[in-house]
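Single chain ahead, written as C-alpha cells, the form predicted on its own.
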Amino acid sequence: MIPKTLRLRITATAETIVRSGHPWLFADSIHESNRVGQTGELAVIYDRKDKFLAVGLFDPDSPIRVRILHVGKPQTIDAAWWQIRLAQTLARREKLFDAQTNGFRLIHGESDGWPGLVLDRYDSTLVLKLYTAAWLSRLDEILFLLQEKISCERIVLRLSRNIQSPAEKQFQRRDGQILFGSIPNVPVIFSENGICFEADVLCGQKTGFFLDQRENRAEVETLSRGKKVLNAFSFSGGFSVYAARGGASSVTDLDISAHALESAKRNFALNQNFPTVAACKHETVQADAFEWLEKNPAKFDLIVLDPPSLAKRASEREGAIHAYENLNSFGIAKLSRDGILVAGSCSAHVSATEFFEAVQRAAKSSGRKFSELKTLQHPPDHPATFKEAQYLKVIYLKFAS
C-alpha cells in the first residue's frame, strides 16, 4: 500500500520564513502532520489557507526537520525535475575556471538548491558529502544522475559524523565508500591556478581540501614577494605554496597536526617545477598555534591566521569573538615593520561585521598604525544565499610601523 503524501502545517512565523526562501524548517515549527514521516521522503508544506507552500526532504532525526527543495507553485519532484536542477547548478560554474584549475565545488548545498549535499571535483574524482540522512534513500538516484551529467573516474561518498551510524545500519553506506570507480592508490592530485595539491578524499577533513580559500590563496601570492611568511593553522600548506610561488623568501607552516604538516611537505614537493617554490625556504612547526604565537619571539613580514571554526554553535559566539581578538593580537605582535596580517574566520555563528571588528580592535590595541587593504568572503563556486551559509570572511591589514 502506497502511503499518503506527508502533509505538514507550520507556525505562522515559520510560514513567513519559508516564503522568504530560507531552506530550513525546524521541528518546533511544525504544529500538524497527517502521519509519521520517514527519512528522506518528500514532505509537502501547506499554509494556513490550505494552499501549497513548499516541498522538501524530511528528516525525523534532525532538528532541521525539513530541507526545503522548492517554494511557490506546486511542482512534481521527479527524475526530470532533478535533471533540470543539476543542469542549472552546473551551468553556474561553466565559465568560472580555466584549464589551470580542476579542483572546485560543483554543488554547494542549500545555496544551490541541494540542501545538505555538497559535491566537489578533484580532477577526475568527485566527492559527494552528505550532511543529512535525508539523502541516503535517494543516493542511487543521485548517483545515476551525476554519472549521466558529469564525466569522472570515481565518486567517493563522505558523510557528516552525525549520520555515519544510521547510514551504515539502515542503508549500508559508510564514510569514504567508493560509489563508482576504483579506489585511488594515493591521495588524489589536482590543480588550482596551475599549482598542484593533494586531496585526501577518503578520510581527510571535509572533502579532502579547503577549496573555499582559493581566492585568498591567490591574493596571498600577490603579496608575498621577498617576504618571510608564517602560515598558522596551515593544514596542508595551501597558502604557503602560493606564497612561495609568489616569491616569498621563506615560509613557515604552523599546525598542531603532524599528519597535516607531512601533507604540506608533499605539496611543496609537488611544485618544485616553479623556480620560486624551489628557492623558498620551507619550515614546518608542530605546535598549538595560540601558544606558539603568544610565546615565540620570531617576526614575520606576512602572517596568515586561518583557524578552524571557533564557534560551532550559537552559544559559543561571544567566546569565539574574544578568541579571534586575542589570536590576532598575538599575530600582530609577530609582524615586522610594514607587515601584512591576513585574518580569516569560518565560523558561521560569528558575522562578518563581528569578525572584522574583532580584528580591527586587536589592531587598534597594538598601538601600531595600520590600513585595511581589503576584505573577501565567499568565492563564486561557494555561494551563500542565506544567513547561516555565510561562514567565510577574510580581512587584510597592513601595518606601517
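Just count from 1 along the sequence shown to find any residue number. All values derive from a computational prediction rather than experimental measurement.
As for the form predicted together with a small molecule, it is not shown, yet the points below apply to it.
- Listed residues D306, D120, E110, E192 were compared with the small molecule in the predicted complex; D306 is the one with a heavy atom within 4.5 Å.
- When you look in the predicted complex, the only residue of V71, A289, L136, L146 with a non-hydrogen atom within 4.5 Å of the small molecule is A289.
- Contact with the small molecule in the predicted complex, defined as a heavy atom within 4.5 Å, is made by none of A333, S365 and F399.
- Residues within 4.5 angstroms of the small molecule in the predicted complex, judged by any non-hydrogen atom, belong to 235-243 and to none of the other stretches in 125-133, 148-156, 176-184, 235-243.
- For I256, a non-hydrogen atom is located within 4.5 Å of the small molecule in the predicted complex, even though that partner is not displayed.
- Within 4.5 Å of some heavy atom of the small molecule in the predicted complex lies at least one heavy atom of Q205.
- Although the partner is absent here, N328 is not a contact residue: none of its heavy atoms lies within 4.5 angstroms of the small molecule in the predicted complex.
- Residue contact check for F210: one or more of its heavy atoms lie within 4.5 Å of the small molecule in the predicted complex.
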